[in-house]
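To begin, one chain is listed below as structure tokens, in the form predicted on its own.
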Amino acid sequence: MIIVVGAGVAGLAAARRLGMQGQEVSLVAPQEIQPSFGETLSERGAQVLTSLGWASCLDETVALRSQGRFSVWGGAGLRTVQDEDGQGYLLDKARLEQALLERVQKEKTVTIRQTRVLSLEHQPEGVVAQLADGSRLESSALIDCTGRAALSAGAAAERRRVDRLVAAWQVFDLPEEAEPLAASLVEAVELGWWYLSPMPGHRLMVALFSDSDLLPDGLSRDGAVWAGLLACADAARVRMESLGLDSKMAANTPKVSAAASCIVSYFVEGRILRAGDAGAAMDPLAANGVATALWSGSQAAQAALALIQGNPEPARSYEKDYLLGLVRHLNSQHALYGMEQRYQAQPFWQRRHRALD
């Protein structure tokens, strides 16, 4: 048996891939209500979803076919962002996870345990998990998909936080008469950057990404403080005003969620493999989080199967590919932040213009 911990995108992809191979799986995750959060799924991510037999999950309740990406970055003008592999989809991540979970529940080889893992114990030929319900699970391997909590990432994993990024965000219902283009907008400002994106269900995701120590006091308690910061974001402000959401923004306090980049140095530790944000939680600017979760969950499953059959090479390749992908991502992200020079004297941008370690 293989244990998968966490029922996010990565965990569900891992459980599905193992189930497709006829492997007995115990999916351990407490039942929790996830907030609706708008994210992007690239075409490459959609291809992984298709390989798992889940293309039908991208229905109109879960995803909108993206009609473009726009940005105000490196200059005051609004420009179109071209993606090499296509525009992809605009998701409600919580609805996607629910749709995937419903399909995993139908897997004959997958058992779902709605509890938490309290501790892990390495064994020569597997892992033992102590659960919050008092039971113990013995497994041949374990895939940690516990998100930023990274259950398994102790001192040996050398996990480190790269920045202090957070998101102050809210999802708004659009007026019935509004017919916005299904296109996302990213706009750089002194404090960080704004993200606006339509979501399924005639809604709009609005978020300000900045560092936790730079956000003004009272922002999480007073929507007017949050809305006031939109004044210097010309394109985002005009879009909110055109949709009649500027007054609603001031009347609703934002949620504040962690968005910092956290990376482990080792994705494979004995018979434990890390996937999704438990391995690398990255700055969402590149919009690759969901695609990476799907890829890593699926690849970790294949590597875990090979490990328990006595073949460590796929696990080594998985770790190597993940680390190389992270290097490419960090270099690309650094270059992208470097394009924005208008606010180079501001702390948020000074931190991101420094040379990479």
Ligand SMILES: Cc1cc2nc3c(=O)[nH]c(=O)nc-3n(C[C@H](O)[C@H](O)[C@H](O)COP(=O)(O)OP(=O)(O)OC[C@H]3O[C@@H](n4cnc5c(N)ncnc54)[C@H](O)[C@@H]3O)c2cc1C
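Residue numbers here begin at 1 and follow the sequence given. Predicted model only: the values in this text are computed from it and were never measured.
The form predicted together with the ligand exists for this protein as well; it is not shown, and the discussion that follows is about that form.
Proximity of Ala258 to the ligand in the predicted bound form: non-hydrogen atoms within 4.5 Å are present. Using a 4.5 Å cutoff between non-hydrogen atoms, Trp194 does not count as a contact of the ligand in the predicted bound form.
Of the heavy atoms in Cys145, some are within 4.5 Å of the ligand in the predicted bound form. For Arg116, a non-hydrogen atom is located within 4.5 Å of the ligand in the predicted bound form, even though that partner is not displayed. The stretch among 327-335, 50-58, 304-312, 32-40 whose residues place heavy atoms within 4.5 Å of the ligand in the predicted bound form is 32-40. Only one of Ala129, Ala153, Ala236, Ala287 lies close to the ligand in the predicted bound form, with a heavy atom inside 4.5 Å, and it is Ala287.
Residue in contact with the ligand in the predicted bound form (any heavy atom within 4.5 Å), chosen from Ala167, Leu174, Leu137, Leu101: Ala167. Contacts to the ligand in the predicted bound form (heavy atom within 4.5 Å) from stretch 1-29: Val5, Gly6, Ala7, Gly8, Val9, Ala10, Gly11, Val28.
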